[in-house]
Each structure stands twice: as C-alpha cells, then as structure tokens.
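One chain follows as structure tokens, the form predicted on its own.
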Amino acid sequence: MNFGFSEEQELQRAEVRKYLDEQCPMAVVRGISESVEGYSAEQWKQLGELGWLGLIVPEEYGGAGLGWIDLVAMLEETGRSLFPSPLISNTLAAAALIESGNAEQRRRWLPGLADGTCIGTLALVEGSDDPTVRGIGLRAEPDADGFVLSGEKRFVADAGSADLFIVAFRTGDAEEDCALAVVEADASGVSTNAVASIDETKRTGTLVLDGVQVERAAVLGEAGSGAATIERLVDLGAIAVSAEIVGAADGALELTVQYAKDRVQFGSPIGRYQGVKHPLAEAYVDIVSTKSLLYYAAWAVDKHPEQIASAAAQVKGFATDAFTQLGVTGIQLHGAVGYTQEYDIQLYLRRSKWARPMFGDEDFHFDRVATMGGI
C-alpha cells in the first residue's frame, strides 16, 4: 500500500513553495510583519485566485473540494516560510460552516471565505487557558429574534483583519449547553482590540461584544448543541497549527544546518563537532516523527472522524514540545548572534512561542492522550 502523497499533491506542494519563494521571501515577511495590517492584501487576493483559501470548501460553494491531506501539505510550506496571513483562521472559519452550517448559511458565507473577499476567524477562548467547552463562559441572553451577546473573547487570531467571527457561547448551565454563531465585524456593538504578540507574523486580539444581537439564522446548528462541533474545531485547529509547526521546524533546521556548515571555528566548520551534530540529528528525528503523526491526523479528518481527537492530541503535543526545543537549539547553535534581528533564526523561535499555546499546549494534549488511554 502506498502511504505517500499523490503526484497531484506533490505538484501542489511544489507550486506553493515556488510562489512563497518568489513572492514572499524572508525580506518581504519581515516587511509585512512590521505593517499595521500584518498581512498583504494583494497577496491575500492572489491566494483566493490560486484556490488556496477554498482548498477544503466544497466546489458548489466556490472551493476546490479537496481534503485535509492537501491542506496540511500547503500549510507545511506556509509554515516553512513564516508566511504572514490569516490563512489558518480563515480555513477554520470555513470548516465551522462546513461542519455545522445549513445550506443557506453555507451559501451566504462560504463563497466569500473561498475567494478572499471575506476573512473569517474563530472566537473560542476567554480568560481560561482551556480551549474546550469547559473554558466558555460567555452567556447568551435570549430575545425575540435570537440571542444577545455581551462579553469578551480573547486571543482571537487575526481579530483585527476579520470580517466575521465564529463565536462560541453558552446557552445553559450544563457543560454541553454551548452554541456557535456567525457575528459580522460591522455589526452594532462589535469591536476588537489588538494585543501585542511575540510573533508579529501572527496577529491576535480581543473581540469585544457589547449587546450584540445574533439572529437565529446566524446560529450554526441547533442552539445548545454546539459542544461537539466546538471540540472538533479545537482538534482541527490543533492539526492546522501542527502542520505549520512541521514546516517551520524544517525551515529552522535548514537554517541552522547551513550556519553549522558556514561558521568556521578553530579552523573547521562547527558542524563537524559532535556537540553540534547530535542536536541537529535529534531535531531531524523529531521532525520526521511529527510528520508521521500529522499525516495520520489529516487522514483521520478525511477518513476516520472517530480518531480525530486522539490523533490531534498526539500530533499537537509532540509537535509543540519538539518545535519549542528546536527553537532554543537553533538559537544556541547560532551562538550569541542568533538573538539579533539580523538573523532569521530568532523569527522561528518567536513562531515556536506563538504556536505552543494555540489550541492547547503539550501539557494539555498529553493529558488528553493519557485520559483517552485510560490513564
């Protein structure tokens, strides 16, 4: 049995890498990260035209209708390049609509998410560091037309760029009494506040909801029955972030290996010394191991949904732990200069710090793996 990528998937990966190498090299990444928006509107439009934004969106709604294996292959390359864009946020917003939106909701919002005329994101997390339904405290007040939301959602990825938010809220006292609704950024009572991030290629912010009216037509699925979808979105987010982690880890390792070849000390490249070779070899093994977990998780999304939770927890836990260590190792092997702005390796360290808590850190996911295993 062939467990490799298909010829079409490898071609897609090559085209993504070619585009990023030509259109968004590291000098451009640095420039975009210093801008107010944090992404290039021109490049975002191009991504819509190339079909990247609608990769998993069904064809009837303007997307490519592909699967998560195709998506993670693309996200590996955007991670490798530290590509600054709301790509993951937008994809997860589309996934929420695909998962639990009705036909009318999909027709209304998916085409814009697929062609880039609209940017979406998830708004799940609040004051707690628990990304699951247990951390949701935002309470909806029912009214004649639907619900009224007042409160905050924190650590919302790409909050300042989003045109719509998939907001999780509570409809009752039981843990599972949760729902999701689409809240548009221009609705009355909606505002966002930017929050400083260690990684300027990944923007985050706080979503403020002040008496925002949500029509029942904007609620995804039945009100009070969104807990399973929220848990699934956390898993999908963990897989998507892990895909970019794998690519970024590859990029950080490539930079460090090249530096070890170029840096001469005591008349010899430092890459010849065991104290340098061994950490790089260990990092390579970690990356290859993470890829195996990642590809299995993506396959589970498409083929075996009952295995998604376990696969997502395993890959995010392992990927986070490995990438955090590689970020530190890369800086150490560059010596003191690794911390300076001149060198790109510090950008990968920053990315590892951003990726660690997104959709749960290694402790959160390893605890899940142990619980699922009956420990």
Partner chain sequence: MDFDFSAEEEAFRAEVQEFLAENLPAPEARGPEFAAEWNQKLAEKRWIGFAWPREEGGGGAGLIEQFILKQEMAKVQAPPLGSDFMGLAWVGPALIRHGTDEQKQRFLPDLLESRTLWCTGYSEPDHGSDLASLKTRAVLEGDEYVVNGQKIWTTSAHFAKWIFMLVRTESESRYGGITCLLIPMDSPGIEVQPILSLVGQHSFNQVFFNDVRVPVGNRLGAEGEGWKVVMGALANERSGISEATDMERRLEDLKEVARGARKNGRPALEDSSVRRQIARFEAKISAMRLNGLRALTKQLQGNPPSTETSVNKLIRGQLEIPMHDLALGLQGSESQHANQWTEQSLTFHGTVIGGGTPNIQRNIISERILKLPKD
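Positions refer to the first chain, counted from 1. Given the structure is predicted, the values throughout are model-derived calculations rather than measurements.
Below, we refer to the form predicted together with its partner chain, which is not included among the displayed structures.
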Next on the checklist: Using a 4.5 angstroms cut-off on non-hydrogen atoms, would residue 206 count as touching its partner chain in the predicted bound form?
Outcome noted: no
Checklist entry - How about residue 295: is it within 4.5 Å of its partner chain in the predicted bound form, going by heavy atoms? => result yes
Item to check | Exercise: residue 274 in contact with its partner chain in the predicted bound form, heavy atom 4.5 Å | outcome: yes
Next on the checklist: If we define contact as a non-hydrogen atom of the residue within 4.5 angstroms of the partner, is residue 282 a contact of its partner chain in the predicted bound form?
Outcome noted: yes
Checklist entry - Exactly one stretch in 317-325, 23-31, 44-52, 341-349 has heavy atoms within 4.5 Å of its partner chain in the predicted bound form; which is it? => result 317-325
Checklist entry - Any chance 18, 61 and 235 all have a heavy atom within 4.5 Å of its partner chain in the predicted bound form? => result no
Item to check | Sequence-ordered list of residues in 349-375 near its partner chain in the predicted bound form, where near means a heavy atom within 4.5 Å | outcome: 362, 363, 366, 367, 369, 370, 371, 373, 374, 375
